[in-house]
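First, one chain by itself in structure tokens, the form predicted alone.
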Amino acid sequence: MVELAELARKILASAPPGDDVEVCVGRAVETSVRVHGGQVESLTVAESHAVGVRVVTGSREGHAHAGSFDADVTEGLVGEARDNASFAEVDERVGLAVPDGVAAVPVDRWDPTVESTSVDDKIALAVALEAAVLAADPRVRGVRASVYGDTRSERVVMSSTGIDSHTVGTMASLSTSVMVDDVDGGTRTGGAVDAARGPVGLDVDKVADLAVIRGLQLLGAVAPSTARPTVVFEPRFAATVLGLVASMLSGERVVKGRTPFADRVGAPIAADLLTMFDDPTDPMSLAAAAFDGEGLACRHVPLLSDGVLDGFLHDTRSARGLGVRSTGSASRSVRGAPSPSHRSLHVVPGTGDLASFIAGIDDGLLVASLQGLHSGVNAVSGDLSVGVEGIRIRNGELAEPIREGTLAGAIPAMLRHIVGVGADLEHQPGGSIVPTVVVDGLTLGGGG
């Protein structure tokens, strides 16, 4: 088997003196099982190889990549990247990461059971999930699919500027989507997913129960009347919404003037209930990592403290644009260019939980699904208008379900109107660790 570090060193050694060269080498093995009707609908086990080379010469940056470790393919990558750099625009911000003295925090991201578990046993997990869903409630008409997936990956980033990082990791997931007949003849769906470092950590019954509950809770849903209810985001949706906020705190957006928070460092931009940071060094996060996409050590990055903006997420390029240091927040694929983003979003817990928040609300909405997040959020202005399903809250109790609604407002205003941050932290499959969040100031629209 090809040693990734050895290959990276060999490619680096082929570069002529004078240029800054970075080599990223990755290898992954992925398994995907899709089950329907108790039978395997599709099964894929695939191994992929990738090599990416980045060259910086004369304030120009060029890239080249390949999907093979064969020498006759990789030996020409540096030359291709140098040629591509000659066509690039001059950009004083381009540059490779340089070791900054921050020590990497070791993170164990490897579960050997991903490799040792047989394909038959992985198929059995997906089959068991489908059976558990169908047995959970007689109103369940069917299951769209039950899916098991896992990956084990390895990546090396090495550069002529002294970067030398090596990361390995595994991940496994189990998901399903149930179908339930509604009284109006329509079909309601409910989905759930569980993720862990390996298949042993997956909970079949938990995924089945959650999917069925989510499918049944919207039976009889109607279009809502226009209102301004207090909106309750349980942790999985709070992670989604606050992830949108974190994406607006990317240093690259600041450099390009594409965020409403560019000049607000040190100023309050949210209610003082909210303290939020990115911390990929937390081993409890499924997105934990020792190194970022440029090979710098991941670290704790404060974003909001008691509602006050602490700063932004930076890779080397965005940091150079603002005259600051990288926060070790570069994200990338092996073949792609780095860009800054959050990896493991954390919210400091407050008080209360989902049940206690609902009990204290006279007119509210418990969100059950959000649609159109990509097209319905303007990260430049912060305007938000997305589809929503949920359950109305009246006098402290869950009332009628709603569907085909819209939730509209502005993210900066929403942050200032956070009225509750729970203590019920949940670990999300994407790596975020957040609790229930409650906000005022959003408008619920609909045709009712």
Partner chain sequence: MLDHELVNRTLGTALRTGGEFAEVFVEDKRSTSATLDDGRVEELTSGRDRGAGIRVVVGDTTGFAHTADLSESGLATAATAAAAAARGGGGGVKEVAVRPSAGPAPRPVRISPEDVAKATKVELLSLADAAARGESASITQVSARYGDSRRRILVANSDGLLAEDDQVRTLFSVSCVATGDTGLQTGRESTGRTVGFELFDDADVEAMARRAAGRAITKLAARPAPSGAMPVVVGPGGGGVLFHEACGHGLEADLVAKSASVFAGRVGETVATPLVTLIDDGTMAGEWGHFTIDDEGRPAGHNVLIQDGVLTDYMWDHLRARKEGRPSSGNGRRQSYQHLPMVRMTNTFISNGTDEPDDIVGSTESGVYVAQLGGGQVNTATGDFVFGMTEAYLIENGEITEPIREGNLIGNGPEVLTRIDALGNDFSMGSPGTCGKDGQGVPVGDGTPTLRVTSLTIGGTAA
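Residue numbers count along the first chain shown, from 1. Bear in mind the structure is a predicted one, so any value in this text is a computation, not a measurement.
We do not show the form predicted in complex with its partner chain, though everything after this point is about it.
> Can you confirm whether T117, H300 and D306, the three residues that make up this candidate site, all sit within 4.5 Å of its partner chain in the predicted bound form, judged by heavy atoms?
Zero of three within 4.5 Å in the predicted bound form.
> Which residue, K256, R325, R264, K206, has a heavy atom that falls within 4.5 Å of its partner chain in the predicted bound form?
The residue in contact is K256.
> Just to confirm, with a 4.5 Å cut-off on non-hydrogen atoms, which of A399, V45, A413, A423 contacts its partner chain in the predicted bound form?
When its partner chain is considered in the predicted bound form, the option within 4.5 Å is V45.
> Answer with yes or no whether V102 is in contact with its partner chain in the predicted bound form, where contact means some heavy atom within 4.5 Å.
It does not: once its partner chain is placed as it appears in the predicted bound form, V102 has no heavy atom within 4.5 Å of it.
> Is there a heavy atom of V183 no more than 4.5 Å from a heavy atom of its partner chain in the predicted bound form?
No - in the predicted bound form, heavy atoms of V183 and its partner chain never come within 4.5 Å of each other.
> Looking at the partner-bound form in the predicted bound form, is G26 within 4.5 Å of its partner chain by any heavy atom?
The answer is no: G26 has no heavy atom within 4.5 Å of its partner chain.
> Report yes if any heavy atom of N395 sits within 4.5 Å of a heavy atom of its partner chain in the predicted bound form; otherwise report no.
Contact check for N395: no, nothing within 4.5 Å of its partner chain in the predicted bound form.
> To test your reading of this chain, name the stretch in 138 to 146, 243 to 251, 352 to 360, 156 to 164 whose heavy atoms come within 4.5 Å of its partner chain in the predicted bound form.
Contact criterion met by 138 to 146 only.
> Which residues from 176 to 201 come close to its partner chain in the predicted bound form, meaning a heavy atom within 4.5 Å?
Sequence-ordered list: M179, T187, R188, T189.
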